[in-house]
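Have a look below at one chain only, the form predicted on its own, in structure tokens format.
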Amino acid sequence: MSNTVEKWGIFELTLSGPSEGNPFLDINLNARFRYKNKEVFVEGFYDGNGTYKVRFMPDSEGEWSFVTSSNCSRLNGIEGKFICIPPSKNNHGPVRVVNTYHFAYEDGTPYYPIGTTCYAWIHQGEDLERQTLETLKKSPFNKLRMCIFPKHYEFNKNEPVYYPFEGSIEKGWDFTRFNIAFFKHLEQRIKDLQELNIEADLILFHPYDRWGFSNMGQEADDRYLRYIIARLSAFRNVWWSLANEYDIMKSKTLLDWERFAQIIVENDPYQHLRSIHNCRNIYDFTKPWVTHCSIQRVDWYKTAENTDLWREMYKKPVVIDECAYEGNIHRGWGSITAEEMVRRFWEGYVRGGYVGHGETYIHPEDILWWSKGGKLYGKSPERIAFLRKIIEEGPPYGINPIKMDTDIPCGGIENKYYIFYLGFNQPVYRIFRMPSGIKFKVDIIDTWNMTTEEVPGIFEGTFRIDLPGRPYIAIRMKAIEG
């Protein structure tokens, strides 16, 4: 136990206690952390072999004190102090919602979610998991959707290395005893992502299951959630996704999902971002516990085009976590082109939202990125990296849709910054009617060829811009100050 912890780092208290019986059920442990007039209550957890832990993420620099409470005398009334020091260079704290529709780290640094999906990557073994991390290190992605439980689906039918509970497939699972090796492995992967500045968007439940983890019953479900929160909530890069495709999990009702949400709200002392993902029916994102929309495509072709509609409907950030996948499998959702993937990213961006990536190219060993990770083979990631650069060069905390007399989408900050996106249209010129009295510099952005060309001159009012006559072009206009 160190007596100094950086802000938004993890203070970990390790204690020795009883191992007989079932400590997961028999022993309660929590701690109260105090900083000046602030007090934070944190649940502890059993970590196997008579070891108990309490993890805490301090958010204020200076001296903190703590005291434990437990029904076990050996764990009760333990007191101590530590000093919270300034955060390290790449530690900006957990991600929060800002300005209704966008995100920032807790220290105010803008955060633009450029996500990808690797559902079962942590269940593939050390070599493939390391390859996935190396791929992510070179990628533009700063958010990863991932399942906690193993997954059973086409292209993903191998057994996981670890199971979340003690027991076996043959003899059944003891849902009252967690497999410590499983959770330590999960934690290591979350730490690995944190070192890469990637948010871990953790999917708590999903329907693609042959082991029984999707149908454990209410008591086991609730116990699992409390254990997960106690172990993982102190990691600053954690997001909670209640489900992947909640509406096809027939063993769960809307009342179950609302109960799960309440457990998270009540037990996560840091209030990490929370959402839930759909198959066919979008969840009611107006619910107060939902921090942002997590949406799967709602139409074979049109999804990102609905971004501004969903913003107005839910008054929350719109993250289209699954717009379909660049690939060539037999599924419609898994065989869009790289051009179409990039188009959907841009379409969502100029409408004030954020679109997620995925890849499903046939592989001789069934190592598809969307499920197992490994390597990326598509052409969209480098173009998504180009978009990320454009976003980061733009206004801080994102752009919003701008209603203009035009037949193409436009986003930006009114009177200051505009981006028009032509998508699959390929005009050789466009007439723009901009607010009067404001002078603009204009750039033509080729989103596929990843080039930016400044148009000579200064423009004001109504004017013509000549264009290259090919698809996937964006036009950026920046107001000239002074």
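This one's a predicted model, so the numbers in the text were calculated from it and none came from an experiment. Counting begins at 1, following the sequence as shown.
A second form of this protein, the form predicted in complex with a further copy of the same chain, is not displayed here; the remarks below concern that form.
The three marked residues, Tyr162, Trp173 and Ala385, fail to reach a further copy of the same chain in the model of the complex, with no heavy atom of any inside 4.5 Å. With the partner omitted from this view, the residue of Gly398, Pro409, Pro94, Gly115 that lies near a further copy of the same chain in the model of the complex is Pro409 [heavy atom within 4.5 Å]. Site annotation in the model of the complex: the residue of Lys184, Lys302, Lys375, Lys287 reaching within 4.5 Å of a further copy of the same chain with a heavy atom is Lys302. Listed stretches are 107-115, 345-353, 227-235, 196-204; the contact stretch with a further copy of the same chain in the model of the complex is 345-353, by a heavy atom cutoff of 4.5 Å. The closest non-hydrogen atom of Gln426 lies within 4.5 Å of a further copy of the same chain in the model of the complex. Among heavy atoms of Val318, none comes within 4.5 Å of a further copy of the same chain in the model of the complex. Proximity of Phe155 to a further copy of the same chain in the model of the complex: non-hydrogen atoms within 4.5 Å are present. Contact annotation for Ile391: none of its heavy atoms lies within 4.5 Å of a further copy of the same chain in the model of the complex. Contacts to a further copy of the same chain in the model of the complex (heavy atom within 4.5 Å) from stretch 320-337: Gly327, Asn328, Ile329, His330, Arg331, Gly332, Ser335, Ile336, Thr337.
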